[in-house]
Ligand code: KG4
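Single chain ahead, by itself, as structure tokens, in the form predicted on its own.
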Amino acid sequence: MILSIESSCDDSSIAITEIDTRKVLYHKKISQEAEHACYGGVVPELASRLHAVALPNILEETKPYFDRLKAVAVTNQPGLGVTLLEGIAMAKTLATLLHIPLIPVHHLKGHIYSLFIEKPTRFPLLVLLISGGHTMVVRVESFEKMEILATSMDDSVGESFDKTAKMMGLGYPGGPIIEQLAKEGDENRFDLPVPLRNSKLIAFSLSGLKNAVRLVVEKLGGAEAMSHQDKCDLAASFQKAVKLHLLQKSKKIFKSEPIKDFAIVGGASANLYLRDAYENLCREFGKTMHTAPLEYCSDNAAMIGRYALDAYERKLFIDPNEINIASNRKLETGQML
């Protein structure tokens, strides 16, 4: 079995995955959303302290599996430095004390592998990764070859949902709140701009749309003065603009990419409105759409463990004394993950 640890942001998670069957034998995640809600976003130092409490408590429940562990895997990039350190410290200790190999895992590759939890891998794939920290399209040809075809120039989709919710006084995390309110709203009431609509650039940008939302909120007298229907209509209008932006740029990629399998991963991929839009787009282009189960869309250790299965097969281990936080390099079009 492989024990996997995820602590890249505000979710403390540990999983146990059986190597031969790919079965997730144990998985637990403790969210910190309630603790960060009053700040409107994640406070790194607070997140680190909460990981220091939650991770050992979860680990205690996995002790019955220790005698069958063949490796330990941990997220080491990208993410918040102080929170990644909590998971890395635990993984180093376990690998050293149990005399088992240590596998470093790229968090975004983990999200891609959320598609394969308890399943065989399926390549090649076109993947739209939309999360709190990233928005990109990746051509995944194999375990070793994952190329970024388009990425965000500024805010990510998840970040834009959170910031929009904060401007409207809705709380954190903003994605589920915006999606729920939008169901009661008129998505055509506010004429919000679709980012990069007239640009040939194949990239994403959400900062201008976020600013347009701010101007609407101010025009309505601020979050306190907005009625419930105002908030529903603005949420729906914002969500529609995000959808149109993602689809417009994705269409350009679909036209030039022959790969028939397409997937959406990451926390924001749990948005059913966006999923439905991409189902229609895939039908238009003759592609088959894949998604991870909703429980594995947001950060979790099961996806880290699933990636680790393929890494274990390739013996991609690291000395426990050498693992550290990998640099959070800027991810750009044309780079390999």
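For every residue, the number given is its place in the sequence shown, counted from 1. Being a predicted model, the structure only gives us computed values, none of them experimental.
What comes next is about the form predicted in complex with the named molecule, which is not displayed.
Here the chain stands by itself, but in the predicted bound form one stretch of 51-59, 304-312, 269-277, 283-291, 269-277, has heavy atoms within 4.5 Å of the named molecule. Scanning P101, P104, G132, G185 against the named molecule in the predicted bound form with a 4.5 Å heavy atom cut-off leaves one residue, G132. Within 4.5 Å of some heavy atom of the named molecule in the predicted bound form lies at least one heavy atom of P176. Using a 4.5 angstroms limit between non-hydrogen atoms, E86 is distant from the named molecule in the predicted bound form. Put simply, D230 is far from the named molecule in the predicted bound form: not one heavy atom of it is within 4.5 Å. The shortest heavy atom separation between Y113 and the named molecule in the predicted bound form exceeds 4.5 Å. In the predicted bound form, the named molecule lies within 4.5 angstroms of at least one heavy atom of each of the following residues of 288-323: C297, S298, D299, in sequence order.
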